[in-house]
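Given as structure tokens, the chain that follows is alone and in the form predicted alone.
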């Protein structure tokens, strides 16, 4: 029996202790029942999230099974728009999200650091390392790789570059003009996070970015648009694409390939926090704890196919499988949820990176 099959079969058994209506989850303090009771009296839980609806639906459905009384309004919003919209609503005192869940790690930590997040001692925190949260306000929930995706019909497996240096050489060869897709870090929050960290951690980023410019790579603000370009064959490769979305798309498009770098693969954490002024703070706590729970992480790994963060989860998209795929823990470059992310938002630092990007990719 495969690991995935075993994990899927185990799901009902693991879910069984939660089947009793609104019981306190195993291992949680007894007074968690007060949080559940308070949540029953709240209105709908509003979530602003950059997680695609297709990936979020299995989690929302399973959360509803655990807490049938919960009424969730889920709004799928781009990372930069999510940040700007929340700030505007907070400034105006308008209704807003109770919980924000975004792949733009730096923007999420910025909001927490600026006083918009509720401090919360989650009963799940004991299952995570210090680099997975920021001051009990912002919590990493996933471990998602940035991958090279490609069209299997048009790219032979033997032609795939194994390292960034090899990819830079391929880009400079003059045969991929107009056949690349990657992030526009000036328009996408997660795109900026991935590219800036790539610049920090990858000695060949300069050569790669120059190659992207020479190849006149198309720049995009969403993973979905880049996946479409590669699936259609309009682009042969997509660079630094969110691996979770590519893995989910592979279930229906077998010609979509995904490769991780043997000289270092970036992995980010999708960060969640509860709005300090949430209208439904207790329901938001239930959802945050669900995302961090083994039950929620199992759904991520086996149904949503979002790479789970916890190490005690088995399935197709887990920390363990990812570590194996990239060639070992040393090749997994994890972006920590900490205050260093705020450096990305210092205007001088941000502009210094964008100046490099514009020069190398746009020739400006």
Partner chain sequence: MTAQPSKASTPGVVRPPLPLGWWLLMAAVGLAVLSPLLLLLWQSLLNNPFFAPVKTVGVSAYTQVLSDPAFWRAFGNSGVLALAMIFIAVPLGALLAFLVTKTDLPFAKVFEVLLLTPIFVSPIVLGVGFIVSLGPSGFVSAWFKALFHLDAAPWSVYTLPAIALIAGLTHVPYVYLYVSTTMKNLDASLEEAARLSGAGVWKVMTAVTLPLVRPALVYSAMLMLLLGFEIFGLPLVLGDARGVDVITTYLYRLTAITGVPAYGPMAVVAMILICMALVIVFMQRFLTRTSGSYVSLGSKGYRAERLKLGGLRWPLALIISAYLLYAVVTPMAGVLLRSLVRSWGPGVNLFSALTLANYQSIFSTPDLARSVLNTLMVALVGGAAAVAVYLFVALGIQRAPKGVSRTLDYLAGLPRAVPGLIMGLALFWLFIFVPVLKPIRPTLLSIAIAYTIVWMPYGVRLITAALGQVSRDLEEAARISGATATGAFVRATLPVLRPGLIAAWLLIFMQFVREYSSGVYLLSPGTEVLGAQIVQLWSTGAVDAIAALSSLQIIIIVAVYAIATRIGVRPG
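Positions refer to the first chain, counted from 1. This is a predicted model, so every value here is computed, not measured.
Beyond the structure shown, there is the form predicted in complex with its partner chain, which is absent from this document and is the topic of what follows.
**Study point:** Residue (of 119, 201, 75, 163) lying close to its partner chain in the model of the complex, criterion heavy atoms within 4.5 Å
**Key:** By the 4.5 Å criterion, the partner-contacting residue is 75.
Point to revise | in the model of the complex, the one of 195, 100, 107, 149 near its partner chain [non-hydrogen atom within 4.5 angstroms] | key: It is 107 that has a heavy atom within 4.5 Å of the partner.
Check your understanding: Within a 4.5 Å heavy atom cut-off, is residue 220 in contact with its partner chain in the model of the complex?
Key -> Residue 220 belongs to the contact set for its partner chain.
Check your understanding: Going by a heavy atom distance of 4.5 Å, is residue 233 a contact of its partner chain in the model of the complex?
Key -> Contact check for residue 233: yes, within 4.5 Å of its partner chain in the model of the complex.
Review point. According to a 4.5 angstroms non-hydrogen atom cut-off, is residue 259 in contact with its partner chain in the model of the complex?
Key: No, no contact at 4.5 Å.
Review point. Contact between residue 140 and its partner chain in the model of the complex at 4.5 Å, heavy atoms?
Key: No, residue 140 is distant from the partner.
Point to revise | Segment assignment from 315-323, 32-40, 295-303, 45-53: heavy atom within 4.5 Å of its partner chain in the model of the complex | key: Selected stretch: 45-53.
Exercise for review: Scan 125-158 and write down, in order along the chain, each residue with a heavy atom lying within 4.5 Å of its partner chain in the model of the complex.
Suggested key: Counting only heavy atoms within 4.5 Å of its partner chain in the model of the complex, the single contacting residue of 125-158 is 153.
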